[in-house]
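Quick heads-up: it's one chain on its own, the form predicted alone, in structure tokens.
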């Protein structure tokens, strides 16, 4: 196994870290002043600086204005971008647009590329991904998908109810999962549609309030009421919805892991610095074994998580679906970065729960990672099924 990172990629990662420290971290005191977290004019200004610095869209192909890095190469780059909640948006590698661009790049036809992907890649527009539904619809179990699309001549009529549609408020278009054939299992009878947000029949009911504050476009509840779309609105082919979604979600789970690892790493650095400065009971906090063990556990879990991310990225690059490995990675990293944040707050004590440090805000934001892109319990179920299949009859 070769764990080395090519020097050109290391250089990009260093430049990203320098940019985050110099241009993005100073914006953090303003985070929360706007419903999208950061005020649009501030975000546009820092995005312009990211483009000028040659750091725009590390994951995007060069013909779309990005750096053309592979999934393996973006691992250290996304981690550095994730050192701030604002960092991924500043570099245009934040969810849901990052995953949506990946999906469109793989499956959009030439017309869809020009209409949706190119302006999205340029940062001129934003997108939303509408899959999750309120009970009794699809949540952790996608087979419960209730949103329906019915053929009407050359058009499709979509009716349904979605929520937690990330990025929808202010998006130019939505990526919609709907069931087009109720006579076959859902994973064979669902289709993805592309819909301009202004299309009649799309009703944004509300931005669902969440802990930790909203990201760009919030997480919206949406109703589709007699939404009429042409057959050309289908992404890929009819009935391919779940196959396409798996192509999106596998890498997307990993990119979430990369970004949150960066934030957890910075939390460890903040806690370590505090422990080296604060004195109690006759010595620096860093001299107390209880604190040392928390620091050691956090460093160990971050290291293990990085290795899992690298290995899973390698498997995907080899053409494997890496379903079990990606589930293992998602569970481990989602839970370990939560523990790292929790320990960092504990080490910093009262200051840790204050807004004088960014830890408490990060703690609120990072908690959702154990739920979205597959809750930990669902991924454990996937892992266990493979274990039983492999060893259950021995």
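This structure is a prediction, so every number in the text was calculated from the model and none was measured. Residue numbers count along the first chain shown, from 1.
From this point on, the text means the form predicted together with a small molecule, which you will not see here.
In plain terms, the part of the chain that comes close to the small molecule in the model of the complex, with a heavy atom within 4.5 Å, is 122-130 out of 122-130, 73-81, 185-193, 109-117. The single contact residue among 164, 242, 274, 314, judged by any heavy atom lying within 4.5 Å of the small molecule in the model of the complex, is 164. For the residues 140, 181, 246, 292, the 4.5 Å heavy atom test against the small molecule in the model of the complex is passed only by 140. Put simply, residue 381 is close to the small molecule in the model of the complex: some heavy atom of it is within 4.5 Å.
For residue 23, no non-hydrogen atom is located within 4.5 Å of the small molecule in the model of the complex, even though that partner is not displayed. Although the partner is absent here, residue 310 lies well away from the small molecule in the model of the complex, with no heavy atom inside 4.5 Å. Though the partner is left out of this view, residue 102 does not reach within 4.5 Å of the small molecule in the model of the complex, counting heavy atoms only.
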